[in-house]
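In the structure tokens that follow, the same protein chain appears in two forms, which are kept apart as structure 1 and structure 2.
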Structure 1
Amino acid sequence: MTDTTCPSCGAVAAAGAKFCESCGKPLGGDAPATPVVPAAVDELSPISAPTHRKIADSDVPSGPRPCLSCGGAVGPDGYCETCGAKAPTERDHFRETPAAWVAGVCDRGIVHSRNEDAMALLASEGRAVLVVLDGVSNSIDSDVASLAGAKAARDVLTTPFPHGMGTPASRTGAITKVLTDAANAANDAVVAATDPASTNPASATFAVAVLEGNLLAHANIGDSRVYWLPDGGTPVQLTVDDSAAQQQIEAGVPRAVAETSKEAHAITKWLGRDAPDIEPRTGQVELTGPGWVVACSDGLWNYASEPGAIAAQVAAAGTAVPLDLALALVAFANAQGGRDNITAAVARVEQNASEPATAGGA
């Protein structure tokens, strides 16, 4: 008998074990695969590592896990046996830690009745993929669609970027194509998860950050964001929202005014059957020193929109552990009212600052 690997968290489990000692999820692969997600391709990937989160994990796995509020045991009735807090479903609150330096938390928040945000992460030595989708809450089944979309995008990004013809321009073009492919895959998955008869088809935003060595590539559709927060440097918002607020900002309205206006959250582009087009805004940046990459939904940045405000919350969290930081950011948004679903995915970049900085955009 050989040891097996947990399909959820990648931890090694003893042969014959029914549940993963690490994450508590059931072992044995009897979890039903989501139909819109293609079969696992990780085995084909040259960068596939044991730290990968595999694709076949169920959307709503069951199994005991500790209370999110106090760490106590959760009873079979779904409530903590110590503090009585209601344990969220796996869809309403999930965490991923594909590597020690990459983590994310996707949370229902407080006001919404379900979690339509989605997140899919991937990490191996020197490479990380953060995918965040925010299902539009007035469309049907957008919680199912957003998760399917996030996983589909991640699957496109399992292999390292191609190098093109070797010139910087052709590499940028090649990377832009892969990011656009990822957006299209996410869109296909969202559409596939939509009831063809639906008069209110599922739709979602899209934000991706891919770290490969010193290169940070990003893409977005809608108003989910990627921030780069260099240690001691000036924090920046890398993505540009497709939103009414952004249009107002570009027309000269101050950000604080635009983002709190009535139409602020109207997005001008999205994924879904009724999407206008699937052309993400993309960009690349060479990182020159240590810092944090943060990909998030508006459930977080609503409470800290300016890059400096996000950086201040990261500093306030006072932790170098990615999962603890993601949890702290989600807790911050919940403490502010949790009016929307919240996703915070972070990657810790530790590298020397000797490389020259070159930024490119598309």
Structure 2
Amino acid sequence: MTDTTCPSCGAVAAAGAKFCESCGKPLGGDAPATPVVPAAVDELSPISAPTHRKIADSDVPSGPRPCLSCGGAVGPDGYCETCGAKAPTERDHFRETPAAWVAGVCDRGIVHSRNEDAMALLASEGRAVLVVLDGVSNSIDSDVASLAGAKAARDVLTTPFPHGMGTPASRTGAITKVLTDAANAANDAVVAATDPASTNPASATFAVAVLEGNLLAHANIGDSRVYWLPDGGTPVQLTVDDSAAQQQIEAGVPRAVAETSKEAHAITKWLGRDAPDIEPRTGQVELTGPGWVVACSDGLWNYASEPGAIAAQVAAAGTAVPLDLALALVAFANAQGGRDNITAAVARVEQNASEPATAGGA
């Protein structure tokens, strides 16, 4: 028997092989009788490039993973035991659904060799936390650091906000302190994940959204964002970027021009050992109607920066299921080229008749 060539990717496969070792596609013979249509994410192979510092085993899901092509089980070797497709690693593509009304998807995209984005979510009745960190690609081990930082910030935000001394100003101050504590915890985790000898230490942006009933609190460092997209209302970007593009916008340069300039994604604040300032921008808003909260990295908003553009993609997804929406937003970014890692975390806010908006109930 002679070697064969994979019809999908052109790689040379050993004689008698059932699946291509390069792309995982069937080579014929015992291939499934029903052709498998790969999910878009399956085109993100090869598996992530190695990192210098290993991600802790507790930081990635355990147990069998579903194949994103056919739904079968992914074996220990990283290939689907049913269709043979090569699966992205847990770090390349992962999803969280802590409640029926909260979900997120973190994806490597198409161009980058590994996923340096990270997210950490939690939810209970009437309360949700969405944390997104975007590891800076030109720093070492930012994929490890961003995941550690996201989890550390989420852990600070596990309990409801304090009420302060009972006045609105005191309440605002108490919430701001908790959000600042979360940013500090994230920074500490990023620094702890950095090799002390590194001359290019890990760094990341930071964005968090916390829903408590009709209160939406947010914080950010860098250019990851939080949007509020009310049903039938005016969508708004709640966070303000720490970036060269934002500086241009504040100087009067049109947004579309600033965000496509050569230095558009140069951030002016970040988390990490060499961070000049880790005090987050914070804010709060009282929600008065139903809608969607979206926390995302620039891998998504690169292609839909204006609040109206993000709202249009949410509408185009045509779903009230948070996980389906997050998947649709990631698929949209990949369809536009997937030039960066992509994270989309969403929470559905509902409203009972004549009542203030309440989190949950999608």
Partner chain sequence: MAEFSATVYQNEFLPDGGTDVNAIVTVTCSGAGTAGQTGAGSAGEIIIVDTSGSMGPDTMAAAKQAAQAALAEIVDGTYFAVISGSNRAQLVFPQVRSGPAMVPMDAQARSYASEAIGRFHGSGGTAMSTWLDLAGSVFASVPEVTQRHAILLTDGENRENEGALSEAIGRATGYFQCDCRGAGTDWQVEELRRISQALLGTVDIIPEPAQMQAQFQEMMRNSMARGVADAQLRVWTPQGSQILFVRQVSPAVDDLTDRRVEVNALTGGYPTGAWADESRDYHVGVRVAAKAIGQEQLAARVQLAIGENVMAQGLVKATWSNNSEQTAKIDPQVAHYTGQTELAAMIQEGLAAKASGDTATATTKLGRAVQLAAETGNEEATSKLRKVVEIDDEKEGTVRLKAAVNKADEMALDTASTKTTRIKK
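Just so we're on the same page, residue numbers count up from 1 along structure 1's sequence. In this text, the rigid core denotes the largest set of C-alpha atoms whose superposition between the two forms falls within 1.5 Å. Here the structure is a predicted model, which is why all the values come from computation and not from measurement.
The form predicted together with the partner chain appears here as structure 1. Taking the rigid core as fixed, one finds a CA shift for residue 166 smaller than 2 Å between structure 1 and structure 2. Comparing the forms between structure 1 and structure 2 on their rigid core, the Cα displacement of residue 70 reaches 2 Å or more.
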